[in-house]
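Below, in structure tokens: the form predicted alone, a single chain.
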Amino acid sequence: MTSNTAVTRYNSISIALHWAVAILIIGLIILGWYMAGLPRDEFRSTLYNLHKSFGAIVLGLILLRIIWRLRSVLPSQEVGHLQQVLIEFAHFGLYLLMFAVPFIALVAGSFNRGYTFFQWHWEPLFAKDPDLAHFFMDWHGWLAYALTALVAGHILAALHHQFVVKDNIFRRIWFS
């Protein structure tokens, strides 16, 4: 991943991956909070299967996004050293959590009932172990809260830059 002063915006594939993942993650966070308070019935089970299915899509997209980002030239930024360090730390945390949250849920399912991707079901990869499944689902939840906080911070930082600093940052990551 390199920066180039001649590049002022992300390329169209980076932009498409950014917004696809953003929309899916925000939807999954909202759905996760909503379904956690529902009674255990068929409706909740349907929502859980949708949550897991779209989570698997996020996992695939984030792997593509990481590979694409490592191969792409990043737009230049006119920021100080401390701000650059904070930006890189926040982006690293976002990428790490966007990968870890669905991956850990996949591992949890591999110790429990298996995994359902929309209508296709795979049996558990490992011997059923409810304690390990619960352990990994706890981590899934904790990391999802951390991801939610980072996503909220990312959105607030972008809004701050766009409307307070007025550096037109949205131009870098919006479709032209």
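On a predicted model such as this, the values are computed, not experimentally measured, just so you know. Note that residue numbering follows the sequence shown and begins at 1.
Only in words, not in the display: the form predicted together with ligand HEM, which the text now covers.
Visitor: In the predicted complex, does residue 29 have a heavy atom within 4.5 Å of ligand HEM?
Guide: Heavy-atom contact with ligand HEM at 4.5 Å: present for residue 29.
Visitor: When the contact criterion is heavy atoms within 4.5 Å, does residue 133 count as touching ligand HEM in the predicted complex?
Guide: No, residue 133 is distant from the partner.
Visitor: Is residue 122 close enough to ligand HEM in the predicted complex to count, meaning some heavy atom within 4.5 Å?
Guide: Residue 122 lies outside the contact set for ligand HEM.
Visitor: Taking 4.5 angstroms as the cut-off for heavy atoms, does residue 7 touch ligand HEM in the predicted complex?
Guide: Output for residue 7 is no: heavy atoms all beyond 4.5 Å of ligand HEM.
Visitor: For the stretch 46-70, which residues lie within 4.5 Å of ligand HEM in the predicted complex by non-hydrogen atom distance?
Guide: Those in contact are 48, 51, 52, 55, 56, 58, 65, 69.
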